[in-house]
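Quick setup: one chain, the form predicted on its own, written in structure tokens, and binding and motion questions come after.
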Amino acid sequence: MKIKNAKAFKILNSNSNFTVQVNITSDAGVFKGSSPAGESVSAFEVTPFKEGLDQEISAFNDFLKKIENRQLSGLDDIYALEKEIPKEFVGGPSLSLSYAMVYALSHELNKEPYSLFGSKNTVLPISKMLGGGMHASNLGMDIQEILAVTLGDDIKESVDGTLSVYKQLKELLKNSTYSFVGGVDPEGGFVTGLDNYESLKMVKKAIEKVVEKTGKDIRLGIDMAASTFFKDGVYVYKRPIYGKKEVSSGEQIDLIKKLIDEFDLYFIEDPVDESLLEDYGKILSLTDNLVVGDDATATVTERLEKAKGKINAALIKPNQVGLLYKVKEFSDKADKMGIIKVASHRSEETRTTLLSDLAVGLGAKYLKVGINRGERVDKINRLLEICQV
């Protein structure tokens, strides 16, 4: 296919902030890509926009004029073009362009987008039940996310089980938390005034009720996002947990061990500060379940290599590196290291669903995505569509 025209412009993301969309025109039509942004970000990820958005889009459009008449015959051509993108555009602009190119190329080749990256793989959703921390304006619990995942080998059953927990949790909150009015955070997790411990107990109770009814294997997880409240070598909780508000690094590891034991945590993301890889390793030694790097690895291959032996799972967030060839390098390195891959949404999403295709094609085991809000549901629906095509 030939790129006849490419144009970048502003659109709103799911959190009512501006991001960039790129439209590519070929003989077959117009193909669109847009990039998300994170509210809670890693120190190791690229900045979505390096300067004022209007100024950056204008400059990026000057670059896009240079790729007119470029021929794309395969994914390698997209990767080669990505390597020509000036460094100042690596982030939101570059990823939007790459997504648009993938859609255009898959149409030209009459292939599903995921098939450009690999074969069809079963991917299960991990969905947020409760939101806290920065996702809830630092009100309520300090834990950023309490999650649920329905294990198995069937995407439809997994979605059904996880959705049942979400609905059960809503009923429990309505009946036991007078301040709950059904509000959700940017990723679709319910927001309440419950503290850390009460929140975990509530989600655990919802899971237990659904398991009792259905017999499904449904597990509890957390994204602690510990870097967001790690200050001067101390973890500072606004809401006490196990009676403590300020804990040292060693005490944080002990606290996580208590949570693992009491709540049988299956998924433990960013339980300590992003810079303390040795502490990730100490937690990994305490459990056979998933100790997950996100802020610590940031979809950066070099960070993943440094985390060897310290984690056994890692998130893939394409906008953290802004270039699909780097996402592929990270994915391949994770496979070589035996790291379980979890493709993940961001707090400020768009309606683009290519993340689901990437999860399937790259062989991720899970897709971490909200089960409420349209831009999240779109991605789950794309998973459901893929599994039934």
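A quick note: this is a predicted structure, and the numbers were derived from the prediction, not measured. Heads up: residue numbers just count along the shown sequence, starting at 1.
The form predicted together with a small molecule is left out here; the points below concern that form.
Only one segment in the set 340-348, 51-59, 26-34, 358-366 has residues whose heavy atoms sit within 4.5 Å of the small molecule in the predicted complex; it is 340-348. The closest non-hydrogen atom of residue 150 lies beyond 4.5 Å of the small molecule in the predicted complex.
Residue contact check for residue 315: one or more of its heavy atoms lie within 4.5 Å of the small molecule in the predicted complex. When the small molecule is considered in the predicted complex, residue 299 lies well away from it, no heavy atom lying within 4.5 Å. Remark: residue 294 counts among the residues lining the small molecule in the predicted complex, judged by a heavy atom distance of 4.5 Å or less.
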